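Single chain ahead, by itself, as structure tokens, in the form predicted alone.
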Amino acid sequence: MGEGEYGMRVNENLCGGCGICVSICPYEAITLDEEKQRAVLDLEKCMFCGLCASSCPSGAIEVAYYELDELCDYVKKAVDAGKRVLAITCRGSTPPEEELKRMLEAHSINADEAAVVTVPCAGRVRMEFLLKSYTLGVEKAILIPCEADYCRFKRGSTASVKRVALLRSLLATLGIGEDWLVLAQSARRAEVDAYRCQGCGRCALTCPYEAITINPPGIAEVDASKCMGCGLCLAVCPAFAISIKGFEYDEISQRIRSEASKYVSAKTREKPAILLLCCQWSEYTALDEAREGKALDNVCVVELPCASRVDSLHIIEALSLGFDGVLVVACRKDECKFEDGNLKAEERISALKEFLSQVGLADRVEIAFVSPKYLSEFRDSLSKFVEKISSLSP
């Protein structure tokens, strides 16, 4: 799909009006034009999970990012480089590196031989891609979707589990053992360090899922069956007693410090050093490039599980280290994958800006609300912020 305003469209020349996309869409964003017998997409309702595209038997729904040819090229290069194991992880449940390594080893997979593909939802992975991966020389594939109740797109994990079952049946008819495709569901949830917890109750008060209670003698406890891993509790905990693997306070702080010297030392008046604290659902390309070690032009990208995880102390630390500006990237206000996490982030940024105004730094911090389904929205927001920061005095 080429550049354009929207990242998804229905090719009417291919659509047969079967209605599969209508039945699988979790957000009722697709209807069937009975007169034309064609699918009609409502982009305002669409949450860009990609389930419709991966389910369409005629390939009539085209979606930007992670296109089949692009993914196959990646797999081919990986196989040529000696990585003959394919791990496909959902963005929301991708384990930290060491945990992913242990997960792979539990399934007799050498992590050094695995090529990892991270997608917004495992439900958008077409069976065709997995079959092509086999023909390209992949000797084993492992699909790591979110646990069903943890899925940010309601039906994505369930759809991927069902497809694994169907694909295994198909592979069996081709004489390929079902162990070629492994399923391992995962989830990132909050955990409490009882030795640090002060029992203040802020986490329980702010948790949008009522997943935290304060139990005698005054220790917070997380109900794993309710926790969705948004990270809001981490941001409000004054004792740093709550963690989500990969998104702990120290982990993010260390990333900011380690990147500061590189980005800050390279900055010029024309190219200010920018820190992006980016919700993993609001933007795909920049986060993927950051995972691969690629960099935007003098922009450091730090991934968050949700914009509500943003911590004012991280922003102050970044400014003190020499970053010229900090942009928090959140989902559009009507598209948060959690319970208004973007609005909670906006409240925190507003309060921080009021504080920073006392020392003349309020203009160096902003929040942008974007969606990956609008292809240029993130880049436009970043460009405007960079332009604004460039206009400020050093």
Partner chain sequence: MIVTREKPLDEILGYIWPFTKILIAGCDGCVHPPRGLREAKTYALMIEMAGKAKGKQFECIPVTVAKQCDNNIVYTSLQSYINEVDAVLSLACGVGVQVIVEVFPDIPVFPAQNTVFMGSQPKEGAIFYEKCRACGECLLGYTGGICPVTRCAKSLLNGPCGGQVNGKCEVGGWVRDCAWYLIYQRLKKLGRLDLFEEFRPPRDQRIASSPREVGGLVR
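Positions refer to the first chain, counted from 1. The shown structure was predicted, so the numbers you read here are calculated from the model rather than taken from an experiment.
There is another form of this protein, the form predicted in complex with its partner chain, and it is not shown here; the text below is about that form.
- Within 4.5 Å of any heavy atom of its partner chain in the predicted complex lies no heavy atom of residue 343.
- The closest non-hydrogen atom of residue 234 lies within 4.5 Å of its partner chain in the predicted complex.
- For the chain shown alone, residue 311 is a contact residue for its partner chain in the predicted complex, at least one non-hydrogen atom being within 4.5 angstroms.
- In the predicted complex, its partner chain lies within 4.5 Å of some heavy atom of residue 356.
- None of 170, 205, 81, 194 but one reaches within 4.5 angstroms of its partner chain in the predicted complex through a heavy atom, and that residue is 205.
- Taking 200, 136, 127, 115 one by one, only a single residue has any non-hydrogen atom within 4.5 Å of its partner chain in the predicted complex, and it is 200.
- The stretch from 174 to 182, 157 to 165, 205 to 213, 286 to 294 that comes within 4.5 Å of its partner chain in the predicted complex, counting heavy atoms only, is 205 to 213.
- Of all the residues from 303 to 329, those having a non-hydrogen atom no more than 4.5 Å from its partner chain in the predicted complex are 311, 313, 316, 317, 319, 320.
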